[in-house]
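Shown below, as structure tokens, is a lone chain in the form predicted alone; questions about how it binds or moves come after it.
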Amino acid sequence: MTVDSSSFASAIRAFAEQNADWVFFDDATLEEHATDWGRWKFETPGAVARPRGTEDVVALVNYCREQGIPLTPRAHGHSQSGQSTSDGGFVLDIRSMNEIRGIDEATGTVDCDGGVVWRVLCDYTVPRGYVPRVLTNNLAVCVAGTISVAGIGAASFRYGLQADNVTELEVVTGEGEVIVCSREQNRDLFDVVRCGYGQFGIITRAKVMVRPCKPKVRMYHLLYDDLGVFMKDAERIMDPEDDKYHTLESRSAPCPIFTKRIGEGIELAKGMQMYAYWLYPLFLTVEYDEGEDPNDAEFIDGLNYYQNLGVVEYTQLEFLNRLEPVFELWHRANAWDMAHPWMEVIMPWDVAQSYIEFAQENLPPQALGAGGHVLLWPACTVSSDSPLFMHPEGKFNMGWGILPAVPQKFLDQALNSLDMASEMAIGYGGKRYLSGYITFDTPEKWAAHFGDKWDLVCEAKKRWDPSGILAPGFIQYPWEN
């Protein structure tokens, strides 16, 4: 959807002036919403709406539909290619809808608004003996946002995505209808707003699945120096018949060595460059009650790690916030304000080792920047029922991602290298994780990504957002060219 922002600027201003208590167009607010976590794409919205409830969302959607104004849902803006920005249109900042209504122990769910931050939700549920079944590493994101993308975390190998772990959603569609949907009711809408990237409706409320949790967490730090051995152990850990592991988390960790000569490939520079020896930390957890003492030897028995680096003890909330020291490092190193074009792929299990080792061989460790890292997450795909979460076929997949912090003067060079890594991953049969650095600029590329679900995506857009006002400019539809 290509729009001329000047054509609806006056309409935006009129609506904002009529609803000045929840719609804002001051310079500070517009600047705050002019980019996302990626910090390389900048678009200034015409106004920012902070709805007080579902009725405000309906009023804004209907106005945008009548006036032909684009409307982009957003919370903390953790996307990395401008998916949560708008060039002259409305940004709907869902963070203002943040009520938690309570836990239903009978159904194992917590009822909350879409703008509730996961950290706040955990602060509510953990003292009551429950924890959301899947949590992303960064808890400073909101419920509606991660459900709309997918939401992968350390428990996804067992429970799937955050998008899989909801039982009911309240959605405002692109036609201004308020529809409650679930696996039993209005399933066609339920299946496209989960991992739907705000294309078909705005999630205003969710019933999130929780599980009973224990107050103490012990994390085992294991180190591998062989990716193939790591993957064999990961298969064993992900065995659905073995439920002793609560979470599985891992990294690709570069150990900078020296310089070497490089040839053609996906290198950042020709000639000589730094290179790394890659190690694979694996973190496993077990929960336990006060007074219990888990059997460490039994827990890691049979795993073929290179080194056992010991254990770390946490309270439940400390464990959920375990990455806060990393985020503090990013702030101190000024990496927080740099560009973050994160490139994440989901690879077929049988070719993952070949792809990852080749890509890492050509990845200089300094390219990650201060606080940047390479993500590695084994996944059991049978645990997901979200149709629009695209991943290769097979029981197991391997997620891999380059998560750098890039100074602006090196951004073009970094983006070129990420493009090549992305294309190579797709050539290997991989799929992209769509919250990240995405450069699919034609309907054909989107059709290739969604495969046999492309018709479903196009039909859902026509049905639930026929005016094309929701989050335009990201997914490229055939009728827009």
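All residue numbers refer to positions in the sequence shown, first residue = 1. Source: prediction; values computed, not measured.
What comes next is about the form predicted in complex with a small molecule, which does not appear here.
Proximity to the small molecule in the model of the complex holds for none of F157, N165 and S386, with the criterion being a heavy atom within 4.5 Å. Residue contact check for Y63: none of its heavy atoms lie within 4.5 Å of the small molecule in the model of the complex.
A residue is said to contact a partner when one of its heavy atoms sits within 4.5 Å of a partner heavy atom; V208 fails this definition for the small molecule in the model of the complex, lying far away.
Within this chain, F396 is remote from the site of the small molecule in the model of the complex, having no heavy atom within 4.5 Å.
When the small molecule is considered in the model of the complex, G151 lines it closely, a heavy atom lying within 4.5 Å.
With the partner omitted from this view, the residue of Y197, F190, F230, Y220 that lies near the small molecule in the model of the complex is Y197 [heavy atom within 4.5 Å].
Between the options W377, W278, F319, Y355, the residue in contact with the small molecule in the model of the complex by a heavy atom within 4.5 angstroms is W377. Only one segment in the set 77-85, 361-369, 307-315, 289-297 has residues whose heavy atoms sit within 4.5 Å of the small molecule in the model of the complex; it is 77-85.
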